[in-house]
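Before any questions on how it binds or moves, here is one chain, the form predicted on its own, in C-alpha cells.
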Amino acid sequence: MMLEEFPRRANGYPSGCRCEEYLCDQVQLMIYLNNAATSFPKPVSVLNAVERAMREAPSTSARSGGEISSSAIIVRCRELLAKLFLASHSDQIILTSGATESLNLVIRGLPLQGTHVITTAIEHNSVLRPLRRLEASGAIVLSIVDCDGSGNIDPDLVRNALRANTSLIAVNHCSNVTGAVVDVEAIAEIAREANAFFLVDASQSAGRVPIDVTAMGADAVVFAGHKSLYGISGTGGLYLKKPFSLEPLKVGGTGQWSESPVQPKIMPMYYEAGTPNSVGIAALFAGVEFVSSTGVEAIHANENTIVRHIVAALSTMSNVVIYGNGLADVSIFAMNVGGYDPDDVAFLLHESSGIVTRSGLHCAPLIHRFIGTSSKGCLRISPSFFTSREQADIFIDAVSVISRSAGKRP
C-alpha cells in the first residue's frame, strides 16, 4: 500500500465549511475527528475571549475594589452553565480545572470509609483510579457492574449489586468509547431507594445531548469544559445538588472572610479555593454561549447525521469492524480494520490525509473486554458540529484504501 493511493484534500478548506464560525487557516491541513478528547476547532468567539481576557487587567471575583469584566465573566459563566443544565441556582455550579478534579472532589469529599461503592465497566480512569485507591487502602469495598456489547448499562445489574452499606453509585452518562448513553434516570431511582449518593460523569454528554440535572436525579454531575462545551483545556466543573454535601478537595484563599481560620461555608467558594482560571473561564463562557445559541438539539442532530453517514459507508467494507450497534447516541464510535493494529490505522490516516483520530484504550480499560476489542483497543472516531460532509467522505475513502489493503495481507 502506497500513500499515493489515499485521497488527498484539494487546496483550501472543503466547500460547506462554516467559515464564519472558526478560523479556517488554522485547520486547512487537518481533518480533526478526535473531539471526544478535546474539541477542535473552537468557535471564533472562544478564541476572541481568550485574547480579550489576556489583554485586560487581571481580576478575581470579589478580590478587587471594583468588578471588571473578568470577574463578571466568572459569575456569568456559572449562571449560563446553570441555565444550560437546568439547575435551580447558579451557586450549585462549582468551577474546577476539569472533570478529573471534579470527580476527585466528589469521590474524596464523601464519607466513604467502611462503605460499599458501585461503579461500571464503562468508566474513565478518572473515576476508576480514585476508587481503586480507596479500595487498595481498605477504605471501601468496590463493585464494578458489567456493560453489554455496546457499552450500555442495565439498571437491574446496578440494583443487584446493592448492599446494605452502599454509599455511592458512580456512573458514566456517555461512554467515551462507543458513544452509548446510559439510562441514568433509572439508576438515580435505585440510588434514592438505597439512600446512596449518585454521581454522574457527563464529560462526554455535556453539550452534545440535553441535560436536565433535576430530572436526571443526580447528587452531582461532572462536566469537562474543553470537549463539547467548546472551552479550552484546564476548565470544567460540577453541579452539586445539596450545598456542603462534600468536604473540599482543597482549602485556601477565597478573597473574602480572610479572618476565618477555616474555609468559609459559602457556596460555591467553599470548593473554589485559590485564584480562578479567569482566562479559561472566559473561554468556557464563550463556548457555552455558542452551545446555547446554536442549540444542543441542533448540535446533536448535525453530529449524528455525520456519524450515521460514516457508519453506513464503513458497514459495507468487509474488513472494517464497528463496535457496539454503530448508531451511537452521541457522535462517538469505535472501529478497527482487520489485520491492522489500531495505532497503525491512526498513523496511516494522519500521514496520508491529515486525519486525526484516537487509537488505544481511551483511558477506559474495562469496556474493551465487553465490546470485543483487542488488548490494544480500537480506533475512536468523534466528529464535531464543525465536521463537514466532505471531510467525512475523505475519511471514508481513506479507510476504504486501508480496508482493501487489509484484505490482501497474508
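The first residue of the sequence shown is number 1, and the count goes up from there. Please read these numbers as outputs of a predicted model, since none were measured by experiment.
Heads up, the form predicted together with a small molecule isn't pictured, but that's what we're talking about next.
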Practice prompt. Note which of H300, H116, R78, H226 lies within 4.5 Å of the small molecule in the predicted complex, where distance is taken over heavy atoms; exactly one does.
Written response: H226
Discussion item. Considering non-hydrogen atoms and a 4.5 Å limit, which listed residue (I169, A334, A206, A99) is close to the small molecule in the predicted complex?
Written reply: A99
Discussion item. Please pick out the stretch from 119-127, 81-89, 150-158, 211-219 that is in contact with the small molecule in the predicted complex, where contact means heavy atoms within 4.5 Å.
Written reply: 119-127
Worksheet entry | the small molecule contact at L103 in the predicted complex, heavy atom, 4.5 Å | yes
Worksheet item: in the predicted complex, does L379 have a heavy atom within 4.5 Å of the small molecule?
Response: no
Worksheet item: Heavy atoms within 4.5 Å of the small molecule in the predicted complex: does A36 have any?
Response: yes
